[in-house]
Structures are given as C-alpha cells and as structure tokens.
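Read the single chain below, which is given as structure tokens and is the form predicted alone.
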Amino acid sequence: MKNVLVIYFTQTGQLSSAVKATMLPFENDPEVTIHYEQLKPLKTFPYPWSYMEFFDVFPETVHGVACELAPFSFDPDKKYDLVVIAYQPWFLSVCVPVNSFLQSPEAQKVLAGTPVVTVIACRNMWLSAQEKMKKRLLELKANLVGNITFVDKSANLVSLVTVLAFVLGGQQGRFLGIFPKYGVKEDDLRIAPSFGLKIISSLKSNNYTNLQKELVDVGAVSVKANLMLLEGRGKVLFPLYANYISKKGTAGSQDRRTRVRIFGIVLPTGILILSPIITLISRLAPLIASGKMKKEIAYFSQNSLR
C-alpha cells in the first residue's frame, strides 16, 4: 500500500478542481491511500478580496512572512511515499498559507527525504514562485520529482482584466459579457488525469528519474518566452516595492495604506505598458539569442535549482 499526502490551499475551488482531476487515477487505485490536507489560516484570506486587502498582502508574500494555520489533521510522524503540494503563486511568490506550512516543524518532518510533486494553478506567471518553492524544498531535504502547471491561456492583457474582476469582484463568469471566463479551462482539466497516471507509475516503481520529462511531454508544463521575460522584470522590482511599503508598517497598518494604493496603481499600469513591449522582444529574442532562450525555457521546465 502506498501512502500519499496532498497539501493544498484554495480560496475559490479552482485549485482543488485541478488537484482532484490530477489525483483521479490515485482515487481509483486500491493500492493507494490519500490524505487530503486543506490548509486553513486562522485569519481567513477573503474572497473576493477588497482592493486594499489584496494589495496589502503583497509585502508579506514577497518577504515570505508566515501566517498562523489551524492544526493539521495529518500525522507528521507517518512516513508518506509521496507528498503533493498544490498552491497558487501570489505576486510571483508562493502563497502565504502554503509558504507558512513549509516553515512549520510538521513540514520539516514529513518532507525530509520524501518525493514531492508540485501542482500550480494560476493566471500565467509561476516561474519565480516555483524557484522559491524549489529553494524551500531543498532546505527541507525534500526531493522535488515533478511539477504540473494549470494556467489561464488567455492573452496576458486579457487575463489581467479577468483576474482582477475575479479576485476583486468575485466575477465567476464572462466579465461584462465580453471577456472570457477567468481561470483554468475545462479542456485542461480533462487531460489532468494523464498527469496523474505518469505520477502513479513512478510511485509504484519507486523510480522518478524520468517523471518530469514525461510530464512535460504530455503537456503538464509550458513556458512562454514573453511571460518569462516579464517575470524577470517583476522578480527584480517586487522586493524593492515590498521594502518600500514595509518601511511604513506591518500588514494592515494605516501608516502604509498610501504606499499600498500607489503599488495597486503601479502594478497593473506597469503590466499594461510592459506587456506589449516584452511580447515584441520575446519574438525577436529567438533571432538574436535563440540558444539562450531555449536554455532558459529548458531550465524552468525541470526541477533542479541553479
């Protein structure tokens, strides 16, 4: 019997749908037992968010500040054959609840020496968050053997509009009757069980050597050059903005509200301005530095940390 632990945090149910679809082959296998652990912050993160709540969580997310979580129901002293960690990136970082779990003593116990597969559901930018995840798992002596990403495949500027309508307005359908529904599409969830089949095969053979390549081959990961370049800019600037806001106080502080508001304007405006420019550059880059672009895409498609 193989024991699998699934750690996840969800606000809207989108991530849990992706996880359930991926884990379907596990559910149907009598030789596997699964424990689902939904992380629950003691102070709830709202959905939909208010404008200030959404942007105020930015500095602590970027800085990796932990929140308090409700007690876990899994046994940290139990030896699991595989741990699946499912999360959303917030502001190019691991979302606060999952990052808080990774800082817990229970995570240190249950992840040490254990194969880990990460499952990401997000708008479209996940590279920087996964780099932080890789680093944290390495510190915990976990063995990252696979990564799966579910993204909104709409154009970047379209998904910028729909994600803000989704998280700030709770808009679950087509925004204004014009924009497409935000989030991972049903067609993408239909192929998720094929990812699970690859994982369960490695689990039963206890051989994860080729798992990530197999996942990439069936479409579990796709790295887009324009988003990779855009994330590169955010990765440099976000810590600077996070420090700028934090200098005026901690989370919820009235003293930093003005700086939070400024950031809430600067971020979407910056994406609107930079996105077309970055897209143009990304189309020219293969002509100028095709080897480097291919090397970067190959790096982000696998699980080692440079």
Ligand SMILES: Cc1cc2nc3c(=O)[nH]c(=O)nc-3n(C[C@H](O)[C@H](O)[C@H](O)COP(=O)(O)O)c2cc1C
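Note that this is a predicted model, so its numbers are computed, not measured. The first residue of the shown sequence is 1; numbering continues from there.
The same protein also has a form predicted in complex with the ligand, omitted here; what follows describes it.
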Could you tell me which of 173 to 181, 138 to 146, 73 to 81, 88 to 96 sits within 4.5 Å of the ligand in the predicted complex, going by non-hydrogen atoms?
88 to 96
On the criterion of a non-hydrogen atom at 4.5 angstroms or closer, are Trp49, Met125 and Val167 all touching the ligand in the predicted complex?
yes
Please determine whether Leu15 contacts the ligand in the predicted complex, using a 4.5 Å cut-off between heavy atoms.
yes
Val163: touches the ligand in the predicted complex, heavy atom cutoff 4.5 angstroms
yes
Can you work out whether Tyr36 and the ligand are in contact in the predicted complex, taking contact to mean some heavy atom pair no more than 4.5 Å apart?
no
Find out whether any non-hydrogen atom of Ala121 is located within 4.5 angstroms of the ligand in the predicted complex, and reply yes or no.
yes
Between Val57, Val32, Val260, Ala242, only one gets a heavy atom within 4.5 angstroms of the ligand in the predicted complex; which residue is that?
Val57
Sequence-ordered list of residues in 265 to 281 near the ligand in the predicted complex, where near means a heavy atom within 4.5 Å:
none
